[in-house]
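Quick setup: one chain, the form predicted alone, written in structure tokens, and binding and motion questions come after.
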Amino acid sequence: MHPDHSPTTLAAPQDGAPNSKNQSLSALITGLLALALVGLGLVACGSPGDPNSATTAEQTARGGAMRDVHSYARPDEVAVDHIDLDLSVDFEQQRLIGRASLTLKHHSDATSLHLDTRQLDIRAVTLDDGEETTFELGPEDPRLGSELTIAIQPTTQRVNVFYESRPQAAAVQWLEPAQTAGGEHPFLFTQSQAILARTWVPCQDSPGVRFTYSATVRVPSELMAVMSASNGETKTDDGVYSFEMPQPIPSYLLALAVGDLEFRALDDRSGVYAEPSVVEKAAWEFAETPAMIDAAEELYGPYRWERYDILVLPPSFPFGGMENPRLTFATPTILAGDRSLVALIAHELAHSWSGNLVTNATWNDFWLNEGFTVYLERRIMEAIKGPDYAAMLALLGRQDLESGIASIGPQDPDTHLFLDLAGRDPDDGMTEIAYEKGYDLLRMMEETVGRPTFDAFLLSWFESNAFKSQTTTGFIDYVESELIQGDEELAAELDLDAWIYGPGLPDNATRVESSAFTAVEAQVAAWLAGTPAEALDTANWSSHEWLHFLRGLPEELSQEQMAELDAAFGLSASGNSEVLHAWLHHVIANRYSEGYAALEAFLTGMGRRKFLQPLYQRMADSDDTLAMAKSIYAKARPGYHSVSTNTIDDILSWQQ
């Protein structure tokens, strides 16, 4: 996931009662049950290697993945090895209807399988030969959902769960035609991270459990379905799509999107899916993707997922990007028209190594995904754009980190890299700390041991742990065995405990500098000293330099100063979402009414939480702007994903 983080605690959506099942749904379920009775055992499965390989001695002793405080699953007893989905997409009732067939891997003589569900209506469960078995749904937890316990035998190979998702399933957003770029057809997309896969697929919803999957998805014939798996490049005549994911993945990387889509190739192993009115613009914007793949492979070994494609979603997508394997989900807010925001693509591509290939074993270890990925992203961008460009990214990241530490509290345990999220939503850990402090740790390690040595270490890390889940302890052990190798002086210099288990930013953090930003700071000083805005030397500035300029302005500006900047640089009309977002902070802080129309258009035109949360928070902090925030939100909320509304509802104390 791109660092669209927020320290705000997310409240869980409330589950509603299921709609009454109509005759067509009953007929479909009956038909699927009949299919199960005659031949579900024919579905092939398998994975390259053991998807639940142990990463610690304790796990090895248990024979499977560790238990996760955010999951009801018991993969140390019975693990899901493969999932075969057969789903129909019902836009009218906003439901996914069908079957999940789970192939099992036994680590004990357990006579029950434990799965995660939330907002699912379970209709029936059968075993290998189609015989129905008993099952029980546990009490509903607002975050974790309900434990689904299924009676099995120690010899059971396959469990078939017939179910329907509910319209309010937290992972699934159903968009009306008016909410899409084309305005003619509906759209659906899922967002499974962190623990939302259970709201549309009964599964062992933990990053420590990996499985392969296949799927058949039925959609209206005018639409196209794509998944985090093998995808076709054109629509089918009958609206039926088949998918295979032969590499084992964790549940949070399950992804589905359905809409009026077209495909454009970038080269022989990468391309772009988007709505017809967007696809050409997106293909131009992402033209550097093949070069990014080449740069990443040069640094960290072969790309192991066959294809790397990008899906541009409608504006309500709550994140910048989501690293679904083979098919990154991306926000249209990065289509700036000048390729200035493509570091997001580098970030999601980097997840093909850090996160997708080597995955955090639990959400307490989230920094292993994102800290590594930010480091890889900046190395990729350095290879593509040069060291000065990467330095600007690093300095902006350091600013975000320092701001995040200040807002959380410099001694707060949430500023540790390794977290204790028991009893909390895993999204609580998706802050600047995991991304930027994690990056700073790896950068410090690189500068301490030297880039060639550190590159070799990272390459070995990815190769040794490929298609496995790892813990923070496992990382420390690997550093000690492969990098420190008994060198006590080096161990003290790295001081991993201070970084991983200590608060704030340790004293041995690398100093981050950017000559380009030094020049920007000179222009800020010149303007504040009286140089007219139109006379400033801003030619050829990147969006990063504009961000640094706007961040460097005083908090309080006069109406005349705001108007001068707006007239000189067209900030309220900027087509760059990052620049506009930074400018709108000044609009709110200085009550610049000439920018209010741009503020409302921005907040109602997209649902990216990274932008929404701080702008609504800034408006909510003052009685002068709270009413405006609520007025805008009333219009915008129906188009936001639950990931975003959970955050903003809390900020505005929103009542339905």
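Note that the structure is predicted; figures quoted are calculated from it, not measured. From 1 onward, residues are counted along the sequence shown.
There is also a form predicted in complex with a small molecule; it is not shown, and the following applies to it.
A.B. asks: Specify the contacting stretch among 170-178, 340-348, 401-409, 453-461, defined as having any heavy atom within 4.5 Å of the small molecule in the predicted bound form.
C.D. replies: Single hit among the candidates: 340-348.
A.B. asks: Please check if residue 370 has a heavy atom lying within 4.5 Å of any heavy atom of the small molecule in the predicted bound form.
C.D. replies: Residue 370 belongs to the contact set for the small molecule.
A.B. asks: Does residue 116 reach the small molecule in the predicted bound form, with heavy atoms at most 4.5 Å apart?
C.D. replies: Heavy-atom contact with the small molecule at 4.5 Å: absent for residue 116.
A.B. asks: Flag residue 194 as yes or no: does it have a non-hydrogen atom within 4.5 angstroms of any non-hydrogen atom of the small molecule in the predicted bound form?
C.D. replies: Taking the distances in the predicted bound form, the answer for residue 194 is yes, it comes within 4.5 Å of the small molecule.
A.B. asks: Hey, in the predicted bound form, is residue 70 touching the small molecule, heavy atoms inside 4.5 Å?
C.D. replies: Contact with the small molecule, no.
A.B. asks: Though the small molecule is not shown, can you say which of 353, 319, 189, 163 has a heavy atom within 4.5 Å of it in the predicted bound form?
C.D. replies: It is 319 that has a heavy atom within 4.5 Å of the partner.
A.B. asks: Between the options 440, 323, 365, 285, which residue brings a heavy atom to within 4.5 Å of the small molecule in the predicted bound form?
C.D. replies: Selected residue: 323.
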